[in-house]
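Okay, here we've got a single chain as structure tokens, the form predicted on its own, with questions on binding and movement later.
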Amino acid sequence: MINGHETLLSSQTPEMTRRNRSASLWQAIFFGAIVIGIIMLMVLLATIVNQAFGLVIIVDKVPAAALSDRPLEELSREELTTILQNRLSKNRFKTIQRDHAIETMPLSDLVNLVIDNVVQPQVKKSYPLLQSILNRSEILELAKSDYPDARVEFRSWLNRRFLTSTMSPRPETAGVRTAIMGSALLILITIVVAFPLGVGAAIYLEEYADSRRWINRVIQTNIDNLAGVPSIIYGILGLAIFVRALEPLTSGAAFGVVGQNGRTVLSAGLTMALLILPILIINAQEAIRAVPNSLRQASYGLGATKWQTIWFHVLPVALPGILTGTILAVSRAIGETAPLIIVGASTLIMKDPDGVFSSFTALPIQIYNWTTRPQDTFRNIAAAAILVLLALLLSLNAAAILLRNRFSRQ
């Protein structure tokens, strides 16, 4: 008996060796794919960071020291307003008063207004981080010879001022506060609209709809196909429906809001909700389908109704999977640009959104706009804006993952 067993093992050894060798080869291939992916992501991140920091050569049209014996940040609102009045023409000062509401705007914005219109710092040349470290002496010599009145400083384009300032046509004073607020409001509208609709549709298709009926099969097929439709098509759909057909609602005219058209943050949020809705439905269906059928049967056996079974037993078990799909869908929505361009996002807007009927911009729009400019400084602030967008995306994902893990433990 022992000899027979040894004979069987010896006859299987070559086959087992071949299978083990094949398994090791595929394991190495999969591991290599992961390593290549991580390396590419690290290279991408290093390129962005390299562009967001570095030395700059700056020349002020009017030195800040010539305006006051104190730093501009320490001056009062009246002193800053006086500087604008004395240094600008009457027509220019009236235009600024009308567009920016000097009397009520934050003091930090007023300081930036003085810097932008009076001091007018201009970055003559900027250098990426790696070149700034390796060739610092050559850069300093170049600044002394070509720009004798300039100052050379190490600039982090991603700083507090960049996060708290509004848009500006000049990269030296541009910020992303308006874009951050626009993106946050846009994603809030998207989640509020898409999440309940997506989960509700998934519940109907999985728990109530009869898959043998042709109408339900047609609905399911169309949802699967819509998940692969290019985002620009949703932008065209949003333009036709929300911006034009439903303009009285999306502009706020039906609620007494005047002076706006349909190109508002509400139209953009509804468009993005349509964009991620098929993804949410499909992921929610998969999560609900993964709930063991024995759980439903046990609930029915205890006398629960169908809705009680779904609400108290199926949904709590499926919720972690539903939130995972929501994370993926929202991540896609945050980075979309094409639908927002078609719906009417602004590339230069000084006013923060104050509601769902406001004009708006978003971080992807600003990044796209700045990367198309020829000046190096616009690429610097584009890299800083990319880092802000990544931070916003990771923060939202982290919050959703924590929420998902909490439901998983429960």
Partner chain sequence: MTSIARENLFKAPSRMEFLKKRFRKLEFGIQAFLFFCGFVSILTTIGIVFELGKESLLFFQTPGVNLVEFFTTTTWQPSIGQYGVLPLVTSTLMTSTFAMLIALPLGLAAAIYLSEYADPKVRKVLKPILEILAGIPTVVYGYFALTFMTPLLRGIFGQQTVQIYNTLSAGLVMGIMILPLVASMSEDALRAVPRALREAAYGVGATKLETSIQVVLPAALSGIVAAFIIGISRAVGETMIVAVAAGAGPKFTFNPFEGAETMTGYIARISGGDLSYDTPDYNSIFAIGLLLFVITLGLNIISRTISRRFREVYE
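Numbering follows the first chain given and starts at 1. As the structure is a prediction and not an experimental result, all values here were calculated from the model. Rigid core (definition): largest C-alpha set, two forms, superposition within 1.5 Å.
Keep in mind the form predicted together with the partner chain is missing from the figure; the text below concerns it.
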Check: Would Q27 sit within 4.5 Å of the partner chain in the predicted bound form, counting heavy atoms only?
Finding: yes
Notebook entry, point to check: Does the partner chain come within 4.5 Å of any heavy atom of P169 in the predicted bound form?
Noted result: no
Next item on the list: Verify the contact flag for S22: yes if a non-hydrogen atom of it lies within 4.5 Å of a non-hydrogen atom of the partner chain in the predicted bound form, no if not.
Entry: yes
Note to self: Under a 4.5 Å heavy atom criterion, is T371 part of the interface with the partner chain in the predicted bound form?
What the structure shows: yes
Check: Using a 4.5 Å cut on heavy atoms, which of I115, V330, L274, I279 is close to the partner chain in the predicted bound form?
Finding: L274
Next item on the list: Let me know the one among K306, K124, K144, K94 whose heavy atoms come within 4.5 Å of the partner chain in the predicted bound form, would you?
Entry: K306
Check: Does each of M40, L197 and N222 have at least one heavy atom within 4.5 Å of the partner chain in the predicted bound form?
Finding: yes
Item checked: Location of the partner chain contact in the predicted bound form, chosen stretch of 175 to 183, 203 to 211, 134 to 142, 84 to 92 [non-hydrogen atom, 4.5 Å] -> 203 to 211
Checklist line | in the predicted bound form, residues of 93 to 118 near the partner chain [heavy atom within 4.5 Å] | finding: none
Note to self: Aligning on the core only, does the CA of L396 end up 2 angstroms or more away between the shown form and the other one?
What the structure shows: yes
Margin query: Aligned on the rigid core, do the two forms place the Cα of G355 2 Å or more apart, comparing between the shown form and the other one?
Written below: no
Notebook entry, point to check: Q27: CA shift of at least 2 Å between the shown form and the other one after core fit?
Noted result: yes
